[in-house]
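In the form predicted on its own, a lone chain appears below as structure tokens.
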């Protein structure tokens, strides 16, 4: 695919240069050198070399804020993703955070024959079954543990909470010993070869397992399986985020939770919210827990502000200003806890509270918790 074809596929040629994309972009709000409108303009003028070697190409959060407001329906996030394919082919990849550790792990999962030890974290307190028709996708959570231990973030707590929730509903899910990264970051960084390898592997083991329902606690994995995999592989199972699954069970089975006295606010993750339109399910779950008081931030639902970094790339001072600004907004609600449904949101917000500096804005402290952990606490036992 060349730049001309990308312009046609993403309706870039319909751009009116109205500037709404740049005015709403969270990166442009802090970084005066970044502008979606200018990126589009460079493409339309045929400045392909300048565009694919522009370091700012990898700053876009692909959060979909601009795409939802574009009067011409230009798909800017898709334009960015496809242009990054050209950039990746030319050797560009942006600045990897954490010394590229996470990208290297994904590359190893895609190409190495090394057998994974994915059950080192697993507790016998939870019940699983190799013949279950429900699979809980754990994703990259086991690899996040050593990378973010200094923050600290333990994303496997979310996996354990999800298992506890499913067990409480009488479900013993399959947790597959050979699943691999969904490929979300590789896809959005333009590394299509890695993405295809991972997609084909995961689709094969899921087909072999015979599961009928695939549940995610990570919106990025969910989005990738629901919207992207069907373009490359065949899946014969239903995919759901755990918040959707819980909201559905609330309607069909009348779930009841123990009281949890807590004043909370909710962060809409980009992939769960703007990418997939899921805003009500998490709030319905929160409303079902006795003692929970939900107070909303100024920017919510489709206007929610991203946590500041995508694909662990180009995480700079501007990214940190975005997430600190969001934390300040959360704190201003009077909530004691910021609830999210995305492991990466939690990671980035906690990182902002640990890695302080003058360039990152005011200090702010607020508890950050995943929705699955809150529900698991409400289940008790």
Partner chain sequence: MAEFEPQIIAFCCNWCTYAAADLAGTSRVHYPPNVKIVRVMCSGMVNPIYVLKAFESGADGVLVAGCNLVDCYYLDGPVKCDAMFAILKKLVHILGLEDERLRREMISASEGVVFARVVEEMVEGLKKLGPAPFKVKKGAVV
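Residue numbers count along the first chain shown, from 1. Predicted model, so just to flag it, every value in this text is computed and none were measured.
One more form of this protein, predicted together with the partner chain, exists but is not displayed; see below.
### Message
Within 4.5 Å, heavy atoms only, which of 118, 196, 226, 275 is in contact with the partner chain in the predicted bound form?
### Response
Selected residue: 118.
### Option touching the partner chain, based on a heavy atom within 4.5 Å in the predicted bound form, out of 230, 210, 71, 100
Looking at the other structure, the residue within range turns out to be 100.
### Query
the partner chain isn't shown here, but in the predicted bound form, which of 291-299, 137-145, 216-224, 266-274 has heavy atoms within 4.5 Å of it?
It is the stretch 137-145.
#### Entry: 4.5 angstroms heavy atom contact with the partner chain in the predicted bound form for residue 124
Output for residue 124 is no: heavy atoms all beyond 4.5 Å of the partner chain.
### Message
Given that the partner chain is not shown alongside this chain, does residue 252 nevertheless sit within 4.5 Å of it in the predicted bound form, heavy atom to heavy atom?
### Response
Outside the cut-off, so no.
### Message
How about residue 109 - does it come within 4.5 Å of the partner chain in the predicted bound form, if we only consider non-hydrogen atoms?
### Response
Contact with the partner chain, yes.
### Message
Although the partner isn't part of this model, could you tell me whether residue 171 comes within 4.5 Å of the partner chain in the predicted bound form, counting any heavy atom of the residue?
### Response
Residue-level check for residue 171: no, no contact with the partner chain.
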